[in-house]
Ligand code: AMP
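A lone chain, given as structure tokens: the form predicted on its own.
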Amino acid sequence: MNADLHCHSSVSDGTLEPEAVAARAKANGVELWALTDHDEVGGQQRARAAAQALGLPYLTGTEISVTFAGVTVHIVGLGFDASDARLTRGLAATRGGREARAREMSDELAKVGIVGAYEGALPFVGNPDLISRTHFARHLVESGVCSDTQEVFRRFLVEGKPGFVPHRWATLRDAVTWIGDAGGIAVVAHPARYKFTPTEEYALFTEFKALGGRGVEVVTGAHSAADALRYADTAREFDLLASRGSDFHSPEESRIDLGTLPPLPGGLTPVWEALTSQILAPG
């Protein structure tokens, strides 16, 4: 199945409205779609309605930021009740520290001569509660400091570079519990991105599994073919369901477009097979 279960809209740090993301997914041959905005479910009703109008099966989704071993890790939730009170309260609390962090990032950039970055980033923000490094990156490109967002993240906003400010997010227990209690499945997003040592990565998956986490992204826009094979092995080792998603943010910025990923490696159980009752059928 051409499932794309990780992407973003303007409700978080994507550039397209939820309806436009749905239309792009459908046009690109996606057969099962989930919108997974960062720490937010505010676009879910719009995404569901757009998918139903297009005849596109849909799963609810979000991507929760957590801190594990001092590193920001993302946990995707799929197939949950988007109106669940504990989940929505938890996401609101996770979003709460973003403005203060953004102002501190702006102050740090000012120290290297980039003045007014917070104000410059705001026009790129669809949801002020979710201002992020991506919005700063777009401002730095628009203002000519960098040629593209890839250059921004080579020179700024990452650990050891100007503008980097760490933020303490939810805990791994928080994210997995919120998703599971709302009837969904928790999935470790793009694990190759975290650059953990083998011991740290083993600890992540061991704790994730013990807390009730059930899936891992094997094929994603951030993974190479070798990464996909590596995390297929991880899925088998920890008896996890395998997920697949482009992590699409923008037609201009994303490495992989919606619906264009290679298939999952063989011998895995796709996450959607455990979510058949939660798939919102069109019509």
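Since the model is a prediction, treat every value here as computed from it, not as a measurement. All residue numbers refer to positions in the sequence shown, first residue = 1.
FYI, the form predicted together with the ligand isn't displayed, but the following is about it.
Participant: Tell me, please, which stretch of 149-157, 113-121, 205-213, 89-97 lies within 4.5 angstroms of the ligand in the model of the complex when heavy atoms are compared?
Facilitator: Correct option: 149-157.
Participant: Whether H38 contacts the ligand in the model of the complex should be assessed with a 4.5 Å heavy atom distance threshold; does it?
Facilitator: H38: contacts the ligand in the model of the complex.
Participant: Quick one: is F80 in contact with the ligand in the model of the complex, heavy atoms, 4.5 Å cut-off?
Facilitator: Close contact is absent here: in the model of the complex, F80 is far from the ligand, nothing within 4.5 Å, heavy atoms only.
Participant: Hey, in the model of the complex, is W178 touching the ligand, heavy atoms inside 4.5 Å?
Facilitator: Because no heavy atom of W178 falls inside 4.5 Å of the ligand in the model of the complex, the answer is no.
Participant: Can you tell me if H223 lies within 4.5 angstroms of the ligand in the model of the complex, counting non-hydrogen atoms only?
Facilitator: Although the ligand is absent here, H223 would stay clear of it in the model of the complex, with no heavy atoms inside 4.5 Å.
Participant: Residues D13, H74 and T134 are flagged as a possible site; in the model of the complex, is every one of them within 4.5 Å of the ligand by some non-hydrogen atom?
Facilitator: Answer is yes for this spot.
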